[in-house]
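So this first bit is one chain, no partners, the form predicted alone, shown in structure tokens.
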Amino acid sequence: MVGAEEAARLDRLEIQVENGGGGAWEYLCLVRKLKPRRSDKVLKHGLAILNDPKARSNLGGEEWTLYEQVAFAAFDCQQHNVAKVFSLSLPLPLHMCDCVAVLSKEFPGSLRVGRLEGMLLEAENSWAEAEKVYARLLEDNPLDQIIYKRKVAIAKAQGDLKVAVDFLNKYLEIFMSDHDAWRELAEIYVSLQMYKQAAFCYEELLLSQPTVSLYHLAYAEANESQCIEYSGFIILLFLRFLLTAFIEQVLYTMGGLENLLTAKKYYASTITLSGGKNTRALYGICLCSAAISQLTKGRSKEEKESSDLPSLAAEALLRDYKYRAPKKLPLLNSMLKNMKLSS
């Protein structure tokens, strides 16, 4: 995680370089270290160094690292010509630099350069050719994680999510502790409305990182019931407005009283782990409680849910909105009244 001091230093350096005060190489090194997404700046200042023979020669062995960094920035900025057309013998303008070709010539047979060649083909939508490159690289490097992930990226780029799922499952059979891969697989399952499979992925994440509140929240939302719909359009509208795009995909999930109770527990865990500051989890408590009340209507008092948690969540939401968004308080009150959590 980038510290405030390092982030401030990066911003100062960027302003300095942009205003012609020098320090471009120091800035590029810091970007490489901290990994912020500033591809346009990397492309601009990296090419300025590479197209200056004197500045380039001063880099020594770091010259090749800069070629790679600029190539990645060019892919991100969709400047494919920057990655593709270059000649070291000519004083080219800033927009002409064949980073991949230069690296291929300098390091023939290199795995890192091979990945770049595959990514260049991806950027040009040459999926079949990119697949061939990655297949060849995997033959020599069967445990290369990045190549597996590039194959997943190709499947997603072509809209073939089922193939992406297959690749990710094969990948996770080998690299079972890759948290990012489990989360990626969970999100794909959600987009395919395969909620039980998504819940399994989040269970794996919770087992390996039980203190990460985000996973508790996502697992709760993957268990949240289709029964939310009963409360009417106003709740649905509120939920869609307030939750993120990912949550919109899991509004109608696995269903059933047991899943609602489980979801409520994980929302409560999220509130505990976040110090009571997670608004989404507070909404989740209210919505689950309202749906549970609807499902247990007509049952004996012993079977019904008895807890102060929903009213406490509602109070916390009202306090939060009163402080941060007072103009939306009437709308929040209307929703909570509809769920019988506010008078």
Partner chain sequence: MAEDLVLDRAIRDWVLIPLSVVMVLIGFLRYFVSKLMRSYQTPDRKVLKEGQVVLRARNLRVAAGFIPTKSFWSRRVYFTNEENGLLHVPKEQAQNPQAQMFSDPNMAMDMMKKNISMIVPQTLTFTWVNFFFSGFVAAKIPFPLTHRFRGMLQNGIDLSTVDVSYVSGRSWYFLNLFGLRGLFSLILGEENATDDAQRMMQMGGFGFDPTKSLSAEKDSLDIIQHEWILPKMEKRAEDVLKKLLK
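Everything quoted here is computed from the prediction, not taken from an experiment. Numbering follows the first chain given and starts at 1.
Unshown form predicted in complex with its partner chain; subsequent notes refer to it.
- In short, of 167 to 175, 128 to 136, 99 to 107, 114 to 122 it is 167 to 175 that has heavy atoms within 4.5 Å of its partner chain in the predicted bound form.
- Although the partner is absent from this view, residue 319 contacts its partner chain in the predicted bound form, with a non-hydrogen atom inside 4.5 angstroms.
- Contact between residue 266 and its partner chain in the predicted bound form is found at the 4.5 Å heavy atom cutoff.
- Contact check for residue 210: a heavy atom falls within 4.5 Å of its partner chain in the predicted bound form.
- In the predicted bound form, its partner chain sits beyond 4.5 Å of every heavy atom of residue 68.
- Remark: none of the three candidate residues (8, 15 and 64) comes within 4.5 Å of its partner chain in the predicted bound form, counting heavy atoms only.
- In the predicted bound form, its partner chain lies within 4.5 angstroms of at least one heavy atom of each of the following residues of 268 to 285: 268, 269, 271, 272, 275, 276, 282, in sequence order.
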